Structures are given as structure tokens and as C-alpha cells.
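Single chain ahead, by itself, as C-alpha cells, in the form predicted alone.
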């Protein structure tokens, strides 16, 4: 995935840094946009996955809208040139300030996650002389078979409105004059690689929308969220997510009524594989039972392994020597600052460049300055060509 020429250029750059392969990003977006057009769907990129300026510019230029989960993400989407009429705003805890920000921006839709939220949006919109379009995020009680921290569609999760509250929603909508109900939204989790989960989601949303239709409430939009996973085990073998299988599954299982629009909120599937965290070996520490390769990149740069016990492929870019087993760790003063245990890498020596792959999603955007460490900067493949 990283060429020899690129790796050679890395030698002059201070580590750690994020490297973005913009050619792969464009190829990924080209495939995704072609399928969206084929099926007549709409897409809103989830800024929470990666909010880098260059990344956002390329995604915007491919015609996608934006999916935001904070007022500041709404501001960033507008600043980055995304059409406000293509911006959707989700989140279980939207503050009054954030709601007003989105109302002033004139966004397409609020994805509402509780009955009280609908009431507050209505009141704030009334105070501003506006009407807010809303979708109801429903909780379908579906097990996405993913890590519990990124599962969002079970009844035990904090997200969405359960079917038992639909009558309360309908009663409130009848009272509100400054919100306009336009559809349903569902998102069952992240890093989903089993297509039957999406098929089940389609069948479940049909059951849920039928309740509203039966009660005389038209459903003009169906938003299936995101969640499509990527291949963290073999990123070189599968650099682009399984978009064809995904959309074929949706097309075969989703009931779309005349005049309805279908929306998606892709994030990880678009950007994960184009990003790599590049680090250097600081020390090789030999113990009696194992070897440690200690890198200058830590959990503050990419928190997924510490937070989710997530797997990322690791590659020694500087060596083709015989492979040895290492516990690959970072410099942060936490035992959880570990990139992988018992990993097979080309023999490491001090100064070797190491790539932690599939780091384009939930990497740089989640970075922090724990231990007062510097934030890793971004380097782009386009710039290395100059």
C-alpha cells in the first residue's frame, strides 16, 4: 500500500505523522459515488471519522453531503463548502447552542433521538422564526455483532427512539408547528462486515415505517446510517470496502415506496484505508520471554487499540530482514499503549520506519495531547509527488 518511493521520502519527515494516500481516497470515492448514482441514493459523509481539511475537500468535490454529530461539525461542514441542504445532524445530546447553530445554517435535517429533543427543537425554531426538518432516529433492537462500544442499535443503547414511544412522537408532532417530520433514521453500529445485518436492518425499518404510514404520517425519507466495515486484517488485499455487496444487499431488501428518498452516512468505509500512522522505532528491548519494539507513536495519536482493543496491521517499512515476533508498543505511560502483541515483523532496529495501517478513520480526529505529547501532523501523497 505504501510504495518504496513514498517510504524513502518519509525519511526526511519528523515522526510520528499521518500519511494519506489521496489516490486511494479518490478511487474509493469514485466507486462509492458511482453506486450511489446507479441506485439513486443520497450520501452524507460522517465527519466524525476524519475531519482533515484536504480529506473533506475531496469528499465534498465528489458530491457528498455531510453527517454531523456536533454544532462545531456543522460549522466545519459549512466552512468546508458542503451544501447546508445536504447536511444532517445527529446526536443524543444536542445543546440549545448547537441546535441554534444548525438552524441558522439551514441544514437539511435533524435526526432526533428523543421525544424531549423534538419539543426543544420546535421551541427553539419557533423563537427564531424557522421551521426545522426532522427525522426520527429509531432504535431497531438489532445486534450488529460488533464491539460493544460501537454497537448503537440495541434497546440497551442510548441511541434512538424505541417503538413503544412512537405514539408519544405522533402526539407531539401533531402539536408542534415549527418542526416538519420528513422521515426515519436508523444506525445499528460500526465496523459491520456481515451483510445479513444490513438485510435485517432493511426488513426492520420496513416494519417501523409501516407504523407511521398506518397512522397517517407520511415517511418521505429513509436514512440507513452507515456502519459498513473495512478489512483491518488485510488492508493491502482489500483496500476498498465491499460497496457492491453492501448496496446490492440494500437494494434487494429495502422496500422503497414511490417518491421516497434513501440516504446513507458513510464514514470509516470511505477513509480508513487511505490513512497510515507512520512512526519510528525508538528502542528494541529484549526480555527473557519476548521482544518489545518501542515506537515513538502512542495511544494519544491513535486511540483505537487502547479504547476498543482494535487490530491494525503493522509493517516495518525499512527492513526486509527475517521476521521476528515483537510486542509493538508506544511511549505513553499506560500499559494499554500497545499496538499489538506477538506481531511478526521484519527484524527491527532503532530508527526503522513503521506503518500502522488502516488509520484514516477515527485516528487523527481522535488524537489528544495526553502526557503533553505533540499532535501528529498530516502528510499527503499528492505533496510527495511535487
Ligand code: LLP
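Residue numbers count along the first chain shown, from 1. In this text the structure is predicted, and so the values were computed from the model without any measurement.
Separately, the form predicted in complex with the ligand exists; it is not shown, and the next lines address it.
Stretch in contact in the predicted bound form with the ligand, which is absent here, among 284-292, 265-273, 115-123, 249-257 (heavy atoms within 4.5 Å): Of the options given, it is 265-273.
Contact test, all of 239, 316 and 355, partner the ligand in the predicted bound form, heavy atom 4.5 Å: Heavy-atom distance to the ligand in the predicted bound form: none of the three under 4.5 Å.
Residue among 209, 135, 101, 191 with a heavy atom within 4.5 Å of the ligand in the predicted bound form: Checking each option against the ligand in the predicted bound form, the one that comes within 4.5 Å is 191.
Position in contact with the ligand when the complex is considered in the predicted bound form, options 22, 375, 366, 13, heavy atoms within 4.5 Å: For this set of options, the contacting one is 366.
The ligand contact in the predicted bound form: residue 86, any heavy atom under 4.5 Å: Residue-level check for residue 86: no, no contact with the ligand.
Exercise: residue 311 in contact with the ligand in the predicted bound form, heavy atom 4.5 Å: Heavy-atom contact with the ligand at 4.5 Å: absent for residue 311.
Contact test in the predicted bound form: residue 160 vs the ligand, heavy atoms, 4.5 Å: Close contact is absent here: in the predicted bound form, residue 160 is far from the ligand, nothing within 4.5 Å, heavy atoms only.
Touches the ligand in the predicted bound form: residue 205 (any heavy atom, 4.5 Å): Flag for residue 205 set to no.
The ligand in the predicted bound form - contacting residues of 20-51, heavy atom within 4.5 Å: Result: 46, 48.
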